[in-house]
Ligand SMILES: NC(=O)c1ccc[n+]([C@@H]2O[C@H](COP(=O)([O-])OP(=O)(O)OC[C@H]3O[C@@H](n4cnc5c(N)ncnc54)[C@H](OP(=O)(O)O)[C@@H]3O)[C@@H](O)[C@H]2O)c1
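Have a look below at one chain only, the form predicted on its own, in structure tokens format.
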Amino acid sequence: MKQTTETPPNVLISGGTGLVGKHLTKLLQERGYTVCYLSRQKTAQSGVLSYYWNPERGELDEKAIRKADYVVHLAGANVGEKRWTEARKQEILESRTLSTELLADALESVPHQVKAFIGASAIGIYGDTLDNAASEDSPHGNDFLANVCKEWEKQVSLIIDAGIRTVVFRIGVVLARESGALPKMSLPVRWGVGAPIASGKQWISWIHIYDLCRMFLFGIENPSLQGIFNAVANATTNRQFITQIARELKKPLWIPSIPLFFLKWALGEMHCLVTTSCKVSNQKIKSAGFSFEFEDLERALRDLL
């Protein structure tokens, strides 16, 4: 973004201290934006000015909305952090729906100058795609994650109805060095006990953290962009993914795959995170003018590992 003497645009981020939020904050600040967070803490987070909110109680500091030029909504409980008890599943759902509903209510009732709302969803909305590449218009799944995403996006529609330019990115598996899926997938390989999961044929649609943050910036800086877009760089099978990690780390792989029955025993319903096939197309966002820095898995892993 070109530097000017004008006051830099203010980007309000929910979920700013998470993996994506931290990287996006750094990128936005490098491009000259002012960044603020919505936080349950009433003090600055990571040196960034924070405004208090509590979605469960319907509480939000109105100054956050009054001062924002753009809202980036990333908040939501980590789906892979804890075993899926009924209570945890409810937490995963409500952390997304209640927070989005609260933002929608605030954007309707509080005077503001917000130019765009950039929200997150997930490719889990498509369920198991088998070998078919899902586009944004593909049918939705009916499993737990698909239903969470559908309810999540339903709340976003309230913001669209309010006449605010809205972009929703359905995010794939985010590859980053310090946390997320990649360290967990690469750790067994580093220990010399890496192996494909289940059949190894299930598709993983992934995106490098840098490209994902660039995509959010693309959403902010392109006034004509609106609607739903798949945020994935490419798709590869689990077996190919693990094999490429092993090549980059120069480690061997076990011949047998990790059996499905073991994963069901160890992870319960959460095993679908690693056994469901989700092959997703990125053609729509590319047609809108976005170009990836890391569209090749080998290059992405070499950068991160």
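Note that residue numbering follows the sequence shown and begins at 1. No experiment lies behind these values; they were computed from the predicted model shown.
Beyond what is shown, the protein has a form predicted together with the ligand; the following relates to that form.
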property: Thr17: touches the ligand in the model of the complex, heavy atom cutoff 4.5 angstroms; result: yes
property: Contact label in the model of the complex: Glu91 to the ligand, heavy atom within 4.5 Å; result: yes
property: In the model of the complex, Ser135 touching the ligand (heavy atom, 4.5 Å); result: no
property: 4.5 angstroms heavy atom contact with the ligand in the model of the complex for Phe229; result: no
property: Option touching the ligand, based on a heavy atom within 4.5 Å in the model of the complex, out of Ile160, Ala146, Val173, Cys213; result: Val173
property: Proximity to the ligand in the model of the complex, single hit among Thr85, Gln113, Asn222, Asn78 (heavy atom within 4.5 Å); result: Asn78
property: Residue stretch of 274 to 282, 62 to 70, 34 to 42, 232 to 240 approaching the ligand in the model of the complex, non-hydrogen atom distance within 4.5 Å; result: 34 to 42
property: Stretch 108 to 128 - residues with a heavy atom within 4.5 Å of the ligand in the model of the complex; result: Ala120, Ser121, Ala122
